[in-house]
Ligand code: C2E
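Take a look at this single chain, the form predicted on its own, given in structure tokens.
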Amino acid sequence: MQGQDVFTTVSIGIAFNDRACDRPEDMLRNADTAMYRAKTLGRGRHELFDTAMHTRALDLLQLETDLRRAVTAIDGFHREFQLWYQPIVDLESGEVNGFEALVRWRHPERGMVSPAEFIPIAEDTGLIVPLGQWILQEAWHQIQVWRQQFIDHPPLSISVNLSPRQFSQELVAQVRGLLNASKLLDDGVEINLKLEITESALMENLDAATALLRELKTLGVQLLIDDFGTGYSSLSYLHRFPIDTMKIDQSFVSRIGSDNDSEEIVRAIVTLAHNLGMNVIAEGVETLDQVIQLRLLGAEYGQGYFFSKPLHNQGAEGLLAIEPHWIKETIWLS
């Protein structure tokens, strides 16, 4: 538009001619690889090509190919994905309140691939949508099995992380289908499904996210904000979302007792959550002192290695079948 100021940035990839580049297309490929590296590191910068970049690009391409194959075969006999479960504990009673479902990928050649490696690729390629659908279905099935198996245990919940890419009417339809198949919508019982969303996912499309969350709430699903305090933390919008639970990021919890500022941040988040009618889960709990401080600060639930690492389904069943070790060791803070 004439008379309009336009501000731009540029990401530049630079490749030098060497003996390994005997064709023009090789040099262009290397420059392109360096450019994408510059974009990955924050844009508006330049990067020089080196052979490690090419190796890394080939590794990522192979991992993406393997991920596509694994997702395609997700319902087959040779399934490579597994769900592991980390307990969420009631800080008042010490009892397991529920579990967070965490996906793991056992690659046939690489062994266990870290979620930090494959989840970003799944997000970028859209593979997170079918993978997320499988996670939700598998986690829901597992919690129903445990509900029948441990009938004397207080009702257990299951928490499942959502990707922004899953925010669509397909998600609402899938959740409704799971609940209908379990006949829970007609039974009037408490729905023990919890969906975790990050602040950044909510803020990407505020109006659409708000409408979708409200639809999910009408089904009786509970909604959690994950890693609160590390994203937008837009307090002006927080009251618009029908959120039940706020999860405090482990970066704050881990410094309780050694950093007064972190403790005050946790206190402020707990107070804010309670004033908005939410309860609180503290992530990354690793010590008994943290448990004691979190209880004093009013947090209702805790999750972390003090209680348990993520467990496969048999390990989680073993935990539910006995009195947890933390209660035995502390006589639960009596």
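Quick note: we count residues from 1 along the sequence shown, nothing fancier. Since the model is a prediction, treat every value here as computed from it, not as a measurement.
Beyond the structure shown, there is the form predicted in complex with this ligand, which is absent from this document and is the topic of what follows.
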- Give a yes or no on whether every one of E100, I128 and E196 sits within 4.5 angstroms of this ligand in the model of the complex by heavy atom. yes
- Partner-contacting position among S163, Q133, S182, Q142 - heavy atom within 4.5 Å of this ligand in the model of the complex: S163
- Query: Considering this ligand in the model of the complex, which of S262, S157, Q250, Q137 comes within 4.5 Å of it through any heavy atom?
  - Reply: Q250
- Note on the structure: For this ligand in the model of the complex, the stretch among 206-214, 108-116, 67-75, 167-175 with residues bearing a heavy atom within 4.5 Å is 108-116
- Task: Please check if R147 has a heavy atom lying within 4.5 Å of any heavy atom of this ligand in the model of the complex.
- Result: no
- Query: So in the model of the complex, does G298 come within 4.5 Å of this ligand, heavy atom to heavy atom?
  - Reply: no
- Although this ligand is absent from this view, report whether P310 comes within 4.5 Å of it in the model of the complex, heavy atoms only. yes
- Message: Please tell me whether any heavy atom belonging to Y36 falls inside 4.5 Å of a heavy atom of this ligand, as the geometry stands in the model of the complex.
- Response: no
- Of 276-290, which residues get within 4.5 Å of this ligand in the model of the complex if you count heavy atoms? E283, G284, V285, E286
